[in-house]
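In structure tokens, one chain follows: the form predicted alone.
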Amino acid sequence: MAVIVATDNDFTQVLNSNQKVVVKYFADWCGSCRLFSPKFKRMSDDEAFASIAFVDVNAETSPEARKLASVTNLPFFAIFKNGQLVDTVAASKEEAVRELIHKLDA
């Protein structure tokens, strides 16, 4: 599945339209964020995560979406289930993000 790009204007709609969501918060100036983008795209195409929506949010231009997950560092990842925040992690390691995503099936 393609990675959905969301902003403050449609973030809540994206959360409510998908039962399981993982969000990557990034900034254009964040080198680690740019390096993680291909991994995030690859994970979104993984059949094991077919029921999960992958969403990119620019943390600098979407302050309301950022507040919903209490973003502290970048890159920052949050998982939502049925529109509700489940857990977060500030990491640039793929394994940490995969562990976070697996909590959606718990």
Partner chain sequence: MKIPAIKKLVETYKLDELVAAEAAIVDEQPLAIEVEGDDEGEQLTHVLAAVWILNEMNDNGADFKTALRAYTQKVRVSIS
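This structure is a prediction, so every number in the text was calculated from the model and none was measured. Numbering follows the first chain given and starts at 1.
The same protein also has a form predicted together with the partner chain, omitted here; what follows describes it.
Peer 1: Using a 4.5 Å heavy atom cut-off, state whether residue 56 contacts the partner chain in the predicted bound form.
Peer 2: No, residue 56 sits far enough from the partner chain in the predicted bound form that none of its heavy atoms falls within 4.5 Å.
Peer 1: Any of the heavy atoms of residue 28 lying within 4.5 Å of the partner chain in the predicted bound form?
Peer 2: Contact with the partner chain, yes.
Peer 1: If we define contact as a non-hydrogen atom of the residue within 4.5 angstroms of the partner, is residue 48 a contact of the partner chain in the predicted bound form?
Peer 2: It does not: once the partner chain is placed as it appears in the predicted bound form, residue 48 has no heavy atom within 4.5 Å of it.
Peer 1: I'd like to know if residue 71 sits close to the partner chain in the predicted bound form, meaning any non-hydrogen atom pair within 4.5 angstroms.
Peer 2: Looking in the predicted bound form, residue contacts with the partner chain include residue 71, since a heavy atom lies within 4.5 Å.
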